[in-house]
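Take a look at this single chain in structure tokens; it is the form predicted alone.
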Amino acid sequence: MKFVCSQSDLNSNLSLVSRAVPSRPTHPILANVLMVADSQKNRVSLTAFDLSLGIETSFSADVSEDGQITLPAKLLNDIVSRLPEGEITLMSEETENNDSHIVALKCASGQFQVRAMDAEEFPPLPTVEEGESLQLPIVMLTEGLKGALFAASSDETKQILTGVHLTGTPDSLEFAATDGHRLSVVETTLPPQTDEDNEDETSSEMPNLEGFAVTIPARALRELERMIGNRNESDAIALQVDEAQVVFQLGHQRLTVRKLDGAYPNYQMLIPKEFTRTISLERKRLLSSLERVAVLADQKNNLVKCTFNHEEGQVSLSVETQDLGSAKESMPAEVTGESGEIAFNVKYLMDGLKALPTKEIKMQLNEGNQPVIFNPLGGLQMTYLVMPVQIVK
């Protein structure tokens, strides 16, 4: 195998796939990246796989000799990221006794040699031959992931909650995530087809999402979010799902992950339908105040008390810590219903406010121990539910 490519191409693509390399591989080969050079296409592909999450990408290169090899991901990443910008020549050669391979990296400043492992040992990425296949606009995924992904659980003992649940209707896709203390639900709609789309015979048909349902690990979706972060929102991404796997295909990049088994909780049952109090206020002002008073929040419970006053038309945030001191901030708000107070985990509150996309938000609640709902006023259809913390008198 021999090819010439730019340092920036190799570095960026290597960084992408390396996120699928396990920190504690169950087999030595899984600590490596599979590198395949194709002289017909003049492309080099890189693949990493931890037996659950797999990422494959490819880039242009001047390939003079076909071949495939696997190289230690961390070592290769550390070397390539430190090389100067410019051309890199990479070539593999067998050692004198032919029982192992050496890969040489040459650049303007010098040469490195890395011991490689045979590509035959590297497990192939799963494929989806049969099952559902959809073409989704990137804007749907971007909105859905930004609004829901942060609320997924990190507790591996609650496996199904470590994912984001996607469900479809004929023209929308709903994203839901919960960790048992908070819930975020985002409904994204298919963009309407324009006259130009209808006239363009090559444009893909809008997918019918009715009946679609899958729970995808949040870890994989965070990698997907990075992949689509610098793409045009009008681009489309292919999504394929079968009994075991989910595959996302975006140009020369592919992400595959084992979907989560089990029934996702019926989260709609958790959302109250009626409320006795409604508070409308400015999102950024509330978030800024929270960030300031949170400096003094007790590290044991991160508690912030929220007092709302109907007569004065304001909301106050207060934090009291026995050893450190106290803080209080107030802001104007439109309060409907009786005055009262409620307490929250400050982190849960701030996470939700950062994800809500509008200038003004609406807060709806009943009694102090019942779920509180936050919605954006206008724009995206998003519901953020937070369980309050009991105030000890």
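Definition used throughout: the rigid core is the maximal C-alpha set that superposes within 1.5 Å between two forms. Remember, it's a predicted structure, so these values are computed and weren't measured experimentally. Note that residue numbering follows the sequence shown and begins at 1.
Below: the form predicted in complex with another copy of the chain, not depicted.
- In terms of contact with another copy of the chain in the predicted bound form, the residue from Val247, Cys306, Leu145, Ile79 that brings a heavy atom within 4.5 Å is Ile79.
- Between another copy of the chain and the residues Ser109, Asn232, Asn266, Thr157, the one pair within 4.5 Å by heavy atoms in the predicted bound form involves Ser109.
- Exactly one of the stretches 70-78, 276-284, 236-244, 208-216 approaches another copy of the chain in the predicted bound form with heavy atoms within 4.5 Å, and it is 70-78.
- At a distance of at most 4.5 angstroms from another copy of the chain in the predicted bound form, all three residues Gln113, Val295 and Ser330 contribute at least one non-hydrogen atom.
- Not displayed here, another copy of the chain is kept clear of Glu311 by more than 4.5 Å at the level of heavy atoms in the predicted bound form.
- Although the partner is absent here, Asp323 sits close enough that one of its heavy atoms falls within 4.5 Å of another copy of the chain in the predicted bound form.
- Among heavy atoms of Glu87, none comes within 4.5 Å of another copy of the chain in the predicted bound form.
- Within 4.5 Å of any heavy atom of another copy of the chain in the predicted bound form lies no heavy atom of Asp171.
- In this overlay on the rigid core, Ile216 has a C-alpha that sits less than 2 Å away from its partner position between the shown form and the other one.
- The Cα shift for Ser326 between the shown form and the other one, taken after rigid core superposition, is 2 angstroms or larger.
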